[in-house]
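Next up: just one chain, as structure tokens, the form predicted alone.
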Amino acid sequence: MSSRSVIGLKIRETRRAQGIRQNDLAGRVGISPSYLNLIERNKRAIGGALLAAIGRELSLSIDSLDGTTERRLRDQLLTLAEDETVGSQDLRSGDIDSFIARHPAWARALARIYGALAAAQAEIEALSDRLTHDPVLAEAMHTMLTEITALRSTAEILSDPAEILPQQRRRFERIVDEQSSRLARTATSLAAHFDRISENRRPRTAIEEAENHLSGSDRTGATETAAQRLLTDLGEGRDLEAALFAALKRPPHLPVEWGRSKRISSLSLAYVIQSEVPEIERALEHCPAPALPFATDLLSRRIADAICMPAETLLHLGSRLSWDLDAMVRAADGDGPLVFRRIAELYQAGAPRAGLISVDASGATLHRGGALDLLPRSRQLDCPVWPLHRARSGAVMRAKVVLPGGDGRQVAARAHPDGMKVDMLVFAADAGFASEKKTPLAVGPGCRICTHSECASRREPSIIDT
């Protein structure tokens, strides 16, 4: 796939998808329609200022226009085509080029599915090898079997109908207590060992790489600087929504039912995408290549959020309202998602330390951010006990939870007004927020491997109990 063919196809397909006529786009970037026609038909090369100008008009990054993104995607799909299990000799490279240009979203989805399949296969092979040759696992299993045998023998003595003196019974009960404690410690160590194996062996997806890259160091300063510069370019003292509309050469379509906060959020993101933001390039300098598109989107959203609610505004609001999330959402014109994202993004600048996880109506994770170490290891929260699965729009649901390892957390969840997404902030156990439920909720990784056998929300039996 040559750079020229990628660029021409991309410009043509994007222009058509946005309903822009060839004459109109040519006029906006200062070239003749016939020259643009040659570019789209791959008869003329393009680069430099003209490429950047067309990218701004179509709200596309240079990476996506110059073919960098498509070449990475093409390599992934070619690997799929050559795979003995799912590939086929009928899959030709020319067809892949056309497929990427005409159906980029489907192409990316197919590449992600294949990546997930390859990751799962690698994890299965690694775990199988580990189960066969791991000396730590072998020793732990031997210890557990020994302790179980001893515990069973002691239990049989206590269950014998023959009379046992009270002093002997107390001694045997003490032995049972000691043996069961040792067994629990061994099981806990074994579970932690498996966790480490899984964490070290499991390949991260591109979105996870992007999230980890952006949370790996304090990028708040660069984000706020970029946002402040873009705000200054809009003009001091102007109405933000009107200024954004005036600054955008091609504003996005905004449904009439949207409120002001949602309109500004969409306009600010389009403004960041269409602007020159060197901070994004510097922040992503060492980002893994497959994660670049995701990291670019995430960082653009952060800068757009900082335009809507600068750090100083968020920190002053939180201090004045004692970090009462319901009050802060009301003060932000009801924009709960913005408040939740800004708290998670600014924990290194003075906001409460928190991780953020956002899911859609099906429970699939859309985004993780902030202090990732406070969030569960698993990206998917399959356990129905998590408050985000029961959160309602219009009110923040607060609760305490206990993770499988015994660590506590405080959480605050709130559904979007349309009910299609939910955001949840996860704080440390000692964060000091009031909770609706005094008794902590015992959450697990999923019913199939959950030890909470008495859980009223259990949907299927645990393999641990069988």
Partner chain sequence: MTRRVLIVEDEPDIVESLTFLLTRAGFVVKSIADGNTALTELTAWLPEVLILDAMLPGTNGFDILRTLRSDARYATVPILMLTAKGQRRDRDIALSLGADCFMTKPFANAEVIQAVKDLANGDVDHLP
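Numbering follows the first chain given and starts at 1. Source: prediction; values computed, not measured. We call the rigid core whatever largest set of C-alpha positions still superposes within 1.5 Å between the two forms.
The next section is about a form of this same protein that is not shown, the form predicted in complex with its partner chain.
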> Are all three residues Gln76, Asp90 and Tyr114 in contact with its partner chain in the model of the complex, where contact means a non-hydrogen atom within 4.5 Å?
Replying inline: no
>> Just to confirm the contact call: exactly one of 253 to 261, 228 to 236, 375 to 383, 143 to 151 touches its partner chain in the model of the complex at a 4.5 Å heavy atom cutoff, so which is it?
In response: 143 to 151
> Of the options Leu317, Ile175, Cys287, Ala332, which one has a non-hydrogen atom that comes within 4.5 Å of its partner chain in the model of the complex?
Replying inline: Ile175
>> Please tell me which of Ala395, Ala109, Ala120, Ile164 lies within 4.5 Å of its partner chain in the model of the complex, judged by heavy atoms.
In response: Ile164
>> I'd like to check something about Glu156: if you look in the model of the complex, is any of its heavy atoms closer than or equal to 4.5 Å to a heavy atom of its partner chain?
In response: yes
>> Check Gln168 for me: does it contact its partner chain in the model of the complex (non-hydrogen atoms, 4.5 angstroms)?
In response: yes
> Closest heavy atom of Thr186 to its partner chain in the model of the complex, within 4.5 Å or not?
Replying inline: no
>> Is it the case that Arg182, even though its partner is missing from this view, gets within 4.5 Å of its partner chain in the model of the complex, heavy atoms only?
In response: yes
>> Given a superposition on the rigid core, I'd like a yes or no on whether Thr365 shifts its C-alpha by 2 Å or more between this form and the one not shown.
In response: no
>> Given a core-based superposition, decide whether the C-alpha of Gln179 shifts by 2 Å or more between this form and the one not shown.
In response: yes
